[in-house]
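Next up is one chain by itself, shown in structure tokens, the form predicted on its own.
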């Protein structure tokens, strides 16, 4: 049996958008930290905000009972980051010193992990855990929450097939995917969509409509078009509204599905409806796969803390939990692979 390392006081936070599986990560960190290492685990409330304001809660095995199947995060979350607040890093240092925190585990996506990288570079003891339903973080093959989001989208599309067929309609389904189309590509392929539009491959609305017309001319057909929220038309092929940004510099997305649906109906004459799945994709109970993946990430994260792997992120590679530099996670978004897209495209229209 491996020798026990000294017990530590560890603080875990969940930042960015909520995601199925967050509580499973927290639960795993707490369980192995308390039972194996003898650690004391704290939770920072609302992501980095808790470290900025000194607001934390004590976590133990008993307090985490029943949270494995629960969606969202028991710690709350926000997009607040120390580097966006005047004197923010000093405030975090003060909280760490006051509470005697030995290590921080930051669970989040691109924004949360970018901040973790900067904090590690500034000398803070921090490790990262990748989290996003979009599956777009580099360095890891999968992120938890993605499987749940795809399953929810597939179940919705399965239901939409029957109503589309009953009325011989085209139904456009908008799914999440700000910069990448993993959810759209997987859900479209799994649910037998007629066509899928993703951010990585700008679409020609004229070509989309021509394909739908050819399909419907073959008989009594209905069509499902899956559109990632970040999908964009090829330059000059379709007008879209100007981009609007939120307070954190993120483009406010949502609505491309309605624009595509209007264009399809106008150009083809086919009755067309739109369904926007929105936040339902990242709410509720995580799938069994995501519960297991989240648990493995949490166990690996507390091990990384005791290895003092500061500035590293736990990742899934070839079925194994490994450590990669946070720079690998934030360097480039992981896009839909060309081979997968080629496979999916074989079934379009």
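Just so you know, these numbers come straight off a predicted model, no measurement behind them. Residue numbers count along the first chain shown, from 1.
Absent from the display: the form predicted in complex with 6-O-phosphono-beta-D-fructofuranose (F6P). The rest refers to it.
Trainee: Taking 6-O-phosphono-beta-D-fructofuranose (F6P) as it sits in the model of the complex, is residue 200 in contact with it (heavy atom to heavy atom, 4.5 Å or less)?
Mentor: Contact with 6-O-phosphono-beta-D-fructofuranose (F6P), no.
Trainee: Looking at the partner-bound form in the model of the complex, is residue 117 within 4.5 Å of 6-O-phosphono-beta-D-fructofuranose (F6P) by any heavy atom?
Mentor: So residue 117 does not count as contacting 6-O-phosphono-beta-D-fructofuranose (F6P).
Trainee: Would you check, heavy atoms only and a 4.5 Å threshold, whether residue 282 touches 6-O-phosphono-beta-D-fructofuranose (F6P) in the model of the complex?
Mentor: Yes, contact at 4.5 Å.
Trainee: Verify the contact flag for residue 171: yes if a non-hydrogen atom of it lies within 4.5 Å of a non-hydrogen atom of 6-O-phosphono-beta-D-fructofuranose (F6P) in the model of the complex, no if not.
Mentor: Residue-level check for residue 171: no, no contact with 6-O-phosphono-beta-D-fructofuranose (F6P).
Trainee: Quick one: find which of 176 to 184, 118 to 126, 208 to 216, 86 to 94 has residues within 4.5 Å of 6-O-phosphono-beta-D-fructofuranose (F6P) in the model of the complex by heavy atom distance.
Mentor: Contact-bearing stretch, as computed: 176 to 184.
Trainee: Give me the residue from 147, 263, 102, 229 that has a heavy atom within 4.5 Å of 6-O-phosphono-beta-D-fructofuranose (F6P) in the model of the complex.
Mentor: Of the candidates 147, 263, 102, 229, 229 is the one lying within 4.5 Å of 6-O-phosphono-beta-D-fructofuranose (F6P) in the model of the complex.
Trainee: Just give me the single entry in 132, 73, 196, 112 that has a non-hydrogen atom within 4.5 angstroms of 6-O-phosphono-beta-D-fructofuranose (F6P) in the model of the complex.
Mentor: The residue from 132, 73, 196, 112 that makes the contact is 132.
Trainee: Relative to 6-O-phosphono-beta-D-fructofuranose (F6P) in the model of the complex, which residues of 72 to 90 have a heavy atom no more than 4.5 Å away?
Mentor: Residue within 4.5 Å: 79 only.
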